[in-house]
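Only one chain comes next, encoded as structure tokens, the form predicted alone.
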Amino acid sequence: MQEAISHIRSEKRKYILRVQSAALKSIHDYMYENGVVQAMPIILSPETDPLNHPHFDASVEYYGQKLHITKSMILHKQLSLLNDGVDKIYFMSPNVRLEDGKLRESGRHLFEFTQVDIEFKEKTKEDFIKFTDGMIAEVYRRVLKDCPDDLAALDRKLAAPKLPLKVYESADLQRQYGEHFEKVASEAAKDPFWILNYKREFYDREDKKTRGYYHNYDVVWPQGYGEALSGGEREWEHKEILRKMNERNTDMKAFETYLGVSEQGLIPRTVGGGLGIERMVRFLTGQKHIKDVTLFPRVPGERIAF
């Protein structure tokens, strides 16, 4: 308990929180100025991101219905754009991912965290990349303008990146850097950058002509800070969603409502991504571990004090 109290009372806490506040203000302003409407997040749902990597179940029984704690709002973002009057939307979305305790050593994993979850209708990855470049540049601008004393107190030096951010193919980086190409490329970079084409969950669009090529991406923070944002163009055709669920051995019963909507041909063609808030603040403030930027850390495998 005393360690947790000392963590909260740390002298650097005020500097980190002021940088975080400036960064979040810049994001909200950027969304508003670009016509992206904000909706409130959901915490419990019968359907959520399947996360095709090891994790523990996080669900509750409520009046006979199993409800999952949100791992990400990807499916809800797509469904929110069923509304004909909404074509750009974002959520400040809390996420719970009870992942392996070994991830505590990464310095960038929390099992409870927040994402800026963004989705656009009838847009492409090129549109989203351009939009996100502008958002990241605005975060830098606001923090550098409003928080020079806080950055100085944290001994953090930042320089605004040159736009457009560089874009790389994952296959090219893998040939250059090997299996852990994202980590090595992050350590070598001075500015954030994009990596295209990862094989991931069923909802990221796979090219029909070039099977095995996915129209998705990550943004990676430089200086070894790693993944910042993950997203892509989404599958919207029912048969493609089913095919990819089968390939990944996805439990289709867990997605009955979503599949029912897609079967009716109602899923819109969308593109989007989720930007991790705590990871962003860790990078902006130059902290060694992501728990250093949170008041009440939820680190995989560690005991929770408060």
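Note that the coordinates shown come from a computational prediction; the quantities given were computed from them, not determined experimentally. Note that residue numbering begins at 1 and tracks the sequence as displayed.
Quick note: we don't show the form predicted in complex with ligand ASP, though the next part is all about it.
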Checklist entry - Does Tyr203 make contact with ligand ASP in the predicted complex, using a 4.5 Å heavy atom cut-off? => result yes
Next on the checklist: Considering non-hydrogen atoms and a 4.5 Å limit, does ligand ASP approach Gly231 in the predicted complex?
Outcome noted: yes
Checklist entry - Given that the partner is absent here, does Lys125 sit within 4.5 Å of ligand ASP in the predicted complex, heavy atoms only? => result no
Checklist entry - Counting only non-hydrogen atoms and a 4.5 angstroms cut-off, does Ser72 reach ligand ASP in the predicted complex? => result yes
Checklist outcome for this item: Given 40-48, 247-255, 24-32, 266-274, the stretch touching ligand ASP in the predicted complex at heavy atoms within 4.5 Å is 266-274
Checklist entry - Of the options Arg97, Lys88, Arg156, Arg104, which one has a non-hydrogen atom that comes within 4.5 Å of ligand ASP in the predicted complex? => result Arg97
